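Quick heads-up: it's one chain on its own, the form predicted on its own, in structure tokens.
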Amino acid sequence: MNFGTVQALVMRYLYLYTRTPIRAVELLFWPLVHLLVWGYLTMFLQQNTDDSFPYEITFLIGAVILWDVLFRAQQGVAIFFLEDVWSRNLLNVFAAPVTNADYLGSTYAVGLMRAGVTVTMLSVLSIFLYSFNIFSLGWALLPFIFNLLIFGWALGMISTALIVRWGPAAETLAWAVPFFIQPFAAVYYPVSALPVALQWVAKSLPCSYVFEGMRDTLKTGEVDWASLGIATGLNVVYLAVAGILFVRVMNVAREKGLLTKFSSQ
């Protein structure tokens, strides 16, 4: 991996925001709407339930913030690719001496920055609007975020590989793939709330251990490191499989000229 190439690709992406600031709407507006909807729902439930339940309802706000880490990391990879498609710049990028490792490294960096911007905004607003402090998780917040970033990157590579394989008609997968797994990810409810037949699906997703761990840590103050270890192990598998799929699809696309389909749309 050439870090100079990675830096150039990242800077090229950041310049898009300086030239067209309206792009920031997608980055800031939708996470804000998501927080407001779930935050005020939380307040409504707090005001209409008995005293034994309100604190647990605040877990919904924590779920919103952590889900955005995964989603923005995935979007960083998938949207990075689509930005080149939309600007008719894809062939220029891959005609240059840019390796798959360089390209993936730059998408990871973009995903990290996107997640950092939105999570910082949501965390600060949740403190002032709803008196919920995600930083009360302490140092456990770091492995939670780390695992969600890795899984988001893996989903992003899978999304991009599918788009390259099936062409421009599959661009909606850039947004759809995370929501395919959300019902089984235990984001807003525990794994035990799922039908028994579907719980094995949830347990095969590393993000389900993170969201379960977030709720348990906020409730008890203790971190289940064993579950985090399982999540990390699953992430290694997902990242490896996604990386192999991405590299294989991109190599085939380069050899067969499939990338030209995007420049002709």
Partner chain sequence: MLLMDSPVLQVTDLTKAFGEVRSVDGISFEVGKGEILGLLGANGAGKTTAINMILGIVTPSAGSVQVFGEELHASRIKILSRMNFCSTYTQLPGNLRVWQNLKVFGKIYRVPQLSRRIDEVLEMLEISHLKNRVSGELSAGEGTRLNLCKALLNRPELLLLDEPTASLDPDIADKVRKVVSRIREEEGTSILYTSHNMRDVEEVCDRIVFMHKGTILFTGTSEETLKHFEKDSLEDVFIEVARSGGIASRKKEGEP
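Only a predicted model underlies this, so the values are computations on that prediction, with no experimental measurement involved. Residue numbers count along the first chain shown, from 1.
The next section is about a form of this same protein that is not shown, the form predicted together with the partner chain.
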With the partner removed from view, which of 108-116, 84-92, 183-191, 147-155 is the stretch that lies within 4.5 Å of the partner chain in the predicted bound form, judged by heavy atom distances? 84-92
So the partner chain isn't shown here. In the predicted bound form, which residue out of T99, T172, S131, T120 has a non-hydrogen atom within 4.5 Å of it? T99
Does at least one non-hydrogen atom of A24 fall within 4.5 angstroms of the partner chain in the predicted bound form? no
Give a yes or no for R254: in the predicted bound form, does one of its heavy atoms lie within 4.5 Å of a heavy atom belonging to the partner chain? yes
Quick check on L16: any heavy atom within 4.5 Å of the partner chain in the predicted bound form? yes
Do M11 and the partner chain come within 4.5 Å of each other in the predicted bound form, heavy atoms counted? yes
